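A single chain comes next, written as structure tokens; it is the form predicted alone.
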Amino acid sequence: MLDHEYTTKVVFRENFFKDWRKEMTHEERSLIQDLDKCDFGEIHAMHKAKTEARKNMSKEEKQALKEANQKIVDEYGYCLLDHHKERIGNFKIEPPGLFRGRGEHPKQGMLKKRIQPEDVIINCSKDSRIPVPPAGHHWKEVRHDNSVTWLVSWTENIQGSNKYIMLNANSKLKGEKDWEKYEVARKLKSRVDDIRYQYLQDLKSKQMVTRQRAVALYFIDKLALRAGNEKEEGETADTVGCCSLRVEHITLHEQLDGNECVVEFDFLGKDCIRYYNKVPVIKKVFKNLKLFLENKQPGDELFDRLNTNVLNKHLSSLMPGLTAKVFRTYNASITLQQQLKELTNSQSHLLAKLLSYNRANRAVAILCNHQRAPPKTFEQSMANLQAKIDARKEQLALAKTELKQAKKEAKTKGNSDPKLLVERKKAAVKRCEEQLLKLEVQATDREENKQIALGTSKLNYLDPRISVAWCKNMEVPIEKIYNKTQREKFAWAIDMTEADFEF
């Protein structure tokens, strides 16, 4: 990891050194006292050489390696679920390494230990062939629990969290779960008006807890905020969601940028991604927030009477299966559907349709705050693309000049040969125009996507049937929207969706 900026961070270095010293022998411990005096150059060079050697392998060597890997997949990559052969998702256990975490994680740099068979719980049916542990080892436990979907589980040593080996995303089990998730979100569509009416009434409640719940619901519904679960203090990075917001995370403005009653949010959400937003809210919400802030310090809870359990319990009483997360899925999917209706035109060029689709997807990613840092190579790749565009423009200008010339010749000579030439030159102009359009659309798309991650919402929050129906209506090949992995994951939607599907 020497190439990585992580290794320059103080917390990372301190945590690493502390854990490394635990692994040292007594002699090493007395000798190695200061990480700054250690030189990992030789080991680093060896790893670099190995990577290079892998890149420079001959075709035959690569093929042999591929075949060896395929044998492993054939043996360990499948299981039987209800007598059907299903692919397993992540059947290789993560090797030891240094923990990174997201953002400024207090445990970054700690040593992730190697997982031994003694740490592993196997979950399979009683009559199945139980996997044999490596020689000289035994499994922690073999259980036969058909109420869960994991096949293998262990606890990792840094956060103490459970890790699992699951079925692949395209398995029947995962497909059913996916379908159920989007069906619950669709059901919310018919109930959402009543629920909104109810929480707006609750803003005037005599009970403080009901008012807090109503404001939190308003935020979750309007801004697609995550609910935010309680965590151990100092165990993880300081990230919050709606229910765990503190006084310091919001600022109230009576007037701001020409709007009244504006709430300014600034906090770290999931994966340490900053959520910063200025939102005009209705007066009742603004008044309640003022009330919640009274006599509180910056580090105090904004919703001190509320937690995620209380909120979700209330939601499930309004509609079976309803949680805060369902609102996020519902709002994301409904936004995609509305945006696609507004932005796309069936008469447009295929490239324009795809750009519109990405823009609709982007509206959802912004709603869900799915940001990313611009790729390190962004400036360079944009410059390369711009150079291609400029070159294509020159080609187009040249092709147009040649076409003009050919038309002149056809007029003066009047025989059929120059006419053929004119047609050829016309085709060349058309081809240049299409290639230029493609590059320009690509550039627009890349620029707009610079800091937005489209993948997360596409995989987790958008009902795939909306996209499949859109593709059928717009005559866009599904491959243009979903890559191979995504098509496998959403095979259930691709098989069952008609063009008239409405979320």
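Only a predicted model underlies this, so the values are computations on that prediction, with no experimental measurement involved. Sequential numbering from 1, following the sequence displayed.
Note that the form predicted in complex with the DNA isn't included here; everything after this is about it.
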Does any part of Y76 reach within 4.5 Å of the DNA in the predicted bound form? Heavy atoms only, please.
no
Spell out, yes or no, whether the shortest heavy atom distance between R446 and the DNA in the predicted bound form is within 4.5 Å.
yes
Does any part of Y218 reach within 4.5 Å of the DNA in the predicted bound form? Heavy atoms only, please.
no
Does the DNA get within 4.5 angstroms of any non-hydrogen atom of S147 in the predicted bound form?
yes
Within 4.5 Å of the DNA in the predicted bound form, do K112, N312 and H370 each have at least one heavy atom?
yes
So which of 129 to 137, 194 to 202, 76 to 84, 316 to 324 is the stretch with heavy atoms within 4.5 Å of the DNA in the predicted bound form?
316 to 324
Residue within 4.5 Å of the DNA in the predicted bound form by heavy atom, from V281, A227, V364, L223, is A227
Between the options R359, K181, K172, K400, which residue brings a heavy atom to within 4.5 Å of the DNA in the predicted bound form?
K181
In sequence order, which positions of 91 to 116 have a non-hydrogen atom within 4.5 Å of the DNA in the predicted bound form?
K92, E94, P95, F99, R100, G101, R102, H105, K112
